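This document starts with one chain, in the form predicted alone, laid out as structure tokens.
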Amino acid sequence: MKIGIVCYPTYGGSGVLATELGKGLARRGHHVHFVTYQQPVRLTSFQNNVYYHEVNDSDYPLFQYPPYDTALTSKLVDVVKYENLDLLHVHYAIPHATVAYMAKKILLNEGRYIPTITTLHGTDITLVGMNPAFHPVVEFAINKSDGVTAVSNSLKKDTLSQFQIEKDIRVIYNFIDSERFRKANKDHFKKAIAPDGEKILIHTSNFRKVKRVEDVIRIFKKIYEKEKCKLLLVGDGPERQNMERLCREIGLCHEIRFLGKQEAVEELLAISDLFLMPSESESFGLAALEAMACQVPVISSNVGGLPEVNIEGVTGFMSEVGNTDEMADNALILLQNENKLREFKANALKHAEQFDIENILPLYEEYYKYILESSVYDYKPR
């Protein structure tokens, strides 16, 4: 198949999944064309069957803001026509589902039908999509897609409750590359972080309020009072400065390391003992899954898709949002019992293996074929 993939090219979960999906499909012989405004961060080297098409905005002085939607639509029309694509798969509803619909209508007017699939990732539904400025457009674009997928049952449920959706939504879970995210011997690295054998806790995110990084630090403080340990904070974002200030206030800067954005996050997970994820909202919890693949149990909230990833009392523990006392107590259950910690690490790996990309890719291929076979249109040449 010749597949067009539209996504955000940044570090966000939707862009990462879309890029890894495209690379995986290319390894299986499909021709994958990425269309976006800059090269995706996970598209770092040449790979056979992978193509990149950059969208260039107009700098016409009339526009206060360059009309990216229009430029992306035109680029999609061009790529579909001249690369002879079979379908478009757009990730994150805003604005990509709308753009795909516009491109489809333009091509239909020229006698060319291109099926479109929209994958919903989370905040495009639960946060941005609920904004009255976007809600009716998002609803319309989803309903005009030939196929719709969601990354968890929780997100599917949220979508159906918040929008009037006429389409069937297929749940295809997020995935991880087990060849990359796996336990590796990094003892020399661990000794540099924890020279006295302290346990290492880790949190990775984009440091937005919804991730509740403040709770991560408060959980760590409660744990540290009973068990000496270290905390690694990986990522960056709007809350980082506030979190650095909080570390100074509680006097634990010497035990907490802000590492910023890291390309090789799997190396940090490999030396960690627990993953903290007290988020207010998670459509799936990809970061938790990556940790589990590296044999790191998860202490998380019980919101959104997290219960589909983190199995209570098996791969980790879950608590109500904001219950930092219980989260700290649950962490100590594992940190102070080496046998139980070892058991949970093995459970985490076993569960994560179900989400390996090689198990998920066939589900997308099957869905693509279904959409291609079932897509019909009533175009009549003039």
Ligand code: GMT
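Quick caveat: nothing in here was measured; it's all calculated off a predicted structure. For every residue, the number given is its place in the sequence shown, counted from 1.
Below, we refer to the form predicted together with this ligand, which is not included among the displayed structures.
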- Query: Of 183-191, 255-263, 274-282, 80-88, which is the one stretch near this ligand in the model of the complex, taking non-hydrogen atoms within 4.5 angstroms as near?
  - Reply: 274-282
- Note on the structure: Exactly one of R208, K144, H135, K199 comes within 4.5 Å of this ligand in the model of the complex through a heavy atom, and that residue is R208
- Which pick from A270, L231, L107, L286 sits with a heavy atom within 4.5 Å of this ligand in the model of the complex? L286
- Query: Could you tell me if S154 has a non-hydrogen atom within 4.5 Å of this ligand in the model of the complex?
  - Reply: no
- Using the partner position in the model of the complex, report whether H121 sits within 4.5 Å of this ligand, counting heavy atoms only. yes
- Message: I'd like to check something about F220: if you look in the model of the complex, is any of its heavy atoms closer than or equal to 4.5 Å to a heavy atom of this ligand?
- Response: no
- How about N174: is it within 4.5 Å of this ligand in the model of the complex, going by heavy atoms? yes
- Quick one: name the residues from 83-99 with any non-hydrogen atom within 4.5 angstroms of this ligand in the model of the complex. Y92
